[in-house]
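Here we start with a single chain on its own, the form predicted alone, put down as structure tokens.
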């Protein structure tokens, strides 16, 4: 009852409470992750190599950090029943904003970080307002914003620009023991999102809006505001990923986001983690498992020198299989 009262003025017969408690650990993705690690270990053990060495484990953490941060933001917006296809171009934009403001000087770091996050929040606000006020489907709305950002990048940049100071590059490359700083940043973002979803009124409302926007509205939830906030948070996560990639590259790049495929990859990780694309079911814990699953798969492919075509085929098969398993499980329940 306490959680229902947090949602709004009129509880809807317990239905909202059931929806907001839907963030259960996505066990299938972690079972698949363990099986994949065991398979990788066996393959490399038979070949005389080492799969679970420290260097490879650190590499997996570093490669998954940027995607993980974006996927956490994508989880929030998908749980609210929306979607964001602009994250890849936004990552490129924020990397350039960061590098150009820093201009290789330590004194520019605070201003650059603030500017990158502000630009990200502004793009998220635009996405959210187009979806809620203009009633444009999130797929089309965020794709349109992505094309606008792409046009601005193409018109202004032909290649990398700006530079970041060496002190800022520690974010992308330094380690604390066996843990990369970038992985710790991802963990902090994921923990913050988990706390938001499981311990705050906004988190309950995100689940409620994604589960049934009309029921949430009748219960007193300002559904449009919730969707806008989810989009802003998603874009801020993309901005953080842009900061991280700028620290790794030492400069900004107009294609760093699209080259990494962070838009579709982040959605794939969220879906693999068990979050429903329709919204209202899932959570950050599953998304973390989905990101790690993709990172371990990439590591196996890279060490086996599998070509990119085969990589995409296997990823597609895994994604379709995961969707089929989750759909079958929901029908069974």
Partner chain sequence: MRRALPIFVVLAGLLVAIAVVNPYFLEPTAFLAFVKRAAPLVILAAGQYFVIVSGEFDLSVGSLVTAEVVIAARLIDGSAEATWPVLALMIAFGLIVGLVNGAVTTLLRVPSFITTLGMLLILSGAVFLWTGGSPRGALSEQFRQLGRGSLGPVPWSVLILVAVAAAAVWATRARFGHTLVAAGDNDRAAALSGVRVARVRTVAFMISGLSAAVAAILLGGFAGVSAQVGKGLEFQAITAVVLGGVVLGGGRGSVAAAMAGAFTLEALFTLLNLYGISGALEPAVQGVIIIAAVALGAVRFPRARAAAAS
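Numbering follows the first chain given and starts at 1. Bear in mind the structure is a predicted one, so any value in this text is a computation, not a measurement.
FYI, the form predicted in complex with the partner chain isn't displayed, but the following is about it.
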- Item | Three-residue site 33, 174 and 191 fully in contact with the partner chain in the model of the complex at 4.5 Å by heavy atom | no
- Message: So the partner chain isn't shown here. In the model of the complex, which residue out of 105, 148, 111, 179 has a non-hydrogen atom within 4.5 Å of it?
- Response: 148
- Query: Which of 245, 197, 85, 228 has a heavy atom within 4.5 Å of the partner chain in the model of the complex?
  - Reply: 85
- Here the chain appears without its partner; judged in the model of the complex, the stretch of 112-120, 246-254, 91-99, 128-136 with heavy atoms within 4.5 Å of the partner chain is 128-136
- the partner chain contact in the model of the complex: residue 161, any heavy atom under 4.5 Å: no
- Would residue 54 sit within 4.5 Å of the partner chain in the model of the complex, counting heavy atoms only? no
- Heavy atoms within 4.5 Å of the partner chain in the model of the complex: does residue 166 have any? no
- Is the gap between residue 307 and the partner chain in the model of the complex 4.5 Å or less for some heavy atom pair? yes
- Item | Residues within stretch 291-319 having a non-hydrogen atom within 4.5 Å of the partner chain in the model of the complex | 307, 309, 310, 312, 313, 315, 316, 317, 319
